[in-house]
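As a starting point, one isolated chain is supplied in structure tokens, in the form predicted on its own.
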Amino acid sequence: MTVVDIPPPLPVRDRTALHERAPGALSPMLTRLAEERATGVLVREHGTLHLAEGRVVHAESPLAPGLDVLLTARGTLDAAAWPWTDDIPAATHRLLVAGLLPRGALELCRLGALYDAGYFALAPSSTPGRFRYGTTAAAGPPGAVRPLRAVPVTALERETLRRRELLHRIWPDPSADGAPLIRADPVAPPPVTPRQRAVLDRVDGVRTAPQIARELGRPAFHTLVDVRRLAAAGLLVPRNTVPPPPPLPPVTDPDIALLKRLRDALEAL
């Protein structure tokens, strides 16, 4: 009698686990990396997230001012005291070691920059993300000082969704978020706050909202809030917005006009 060895069944993805994940996850890859407690760098179309043991320790985006801009633009930290380097996490730890800022103030500013850049990094993307496993400088050097607090992926996604909903409530059209902006001239312009005035004064048909944020030294998301409110008030529009053409005057058929004149003449006899 011949005994046939039956191979073990192929592994099947547990779809139950997929349905049990938090609804509205913005990046399935990021969710999986958090579950794996992965360490490395997730590169997406509009930004980069640094992970340490599945938690976000740093975020950066070309659409959001970095921590260096946020700290130095308005005098929180003297520009000469910033350890100028492209490695923002390393610079942050140098500030901690040097004691140039209170730890709580630096932590607050760093978290603000992380959520700001994370909002753009988790924006809808037309290309897949890429993850590089390995150590990340954002976790901080060993020894020396205790690294700054990491952010759970769920917290970053929840805050990103909250911000999207806020912008949608203010003004549902996102076209002004990334386009060059031009000023509009409503018949009865509403009053604006000083913060909104600072944004409006920099609208010149060239600058975008992220560029205005960088120039003002403000978080990019806060500037988007001001831009959406100004758009809702009719004070600015994206440069690529083309106003509808005026309605054409009614076209009169010359033959019909002649017949009408003949009718009027006959009725007058």
Partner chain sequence: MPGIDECLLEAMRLPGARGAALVDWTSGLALGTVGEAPGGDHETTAAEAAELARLAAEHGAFSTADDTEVTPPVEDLIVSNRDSYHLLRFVVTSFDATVFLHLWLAREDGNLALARIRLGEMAERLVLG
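Residue numbers count along the first chain shown, from 1. This one's a predicted model, so the numbers in the text were calculated from it and none came from an experiment.
The same protein has a further form, the form predicted in complex with the partner chain, not shown here; the description that follows concerns it.
The stretch among 41-49, 219-227, 26-34, 56-64 whose residues place heavy atoms within 4.5 Å of the partner chain in the model of the complex is 219-227. This chain is displayed alone, yet in the model of the complex one of H168, R132, R158, R183 has a heavy atom within 4.5 Å of the partner chain; that residue is R158. Not one of A179, G234 and V237 is positioned with any heavy atom within 4.5 Å of the partner chain in the model of the complex. The closest heavy atom approach of P124 to the partner chain in the model of the complex falls outside 4.5 Å. In the model of the complex, A90 stays away from the partner chain, with no heavy atom inside 4.5 Å.
Contact check for L70: a heavy atom falls within 4.5 Å of the partner chain in the model of the complex.
Contact annotation: G104 falls within 4.5 Å of the partner chain in the model of the complex, judged by heavy atom distances. The partner is not shown here, but in the model of the complex the stretch 74-88 reaches within 4.5 angstroms of the partner chain through a heavy atom at R74, T76.
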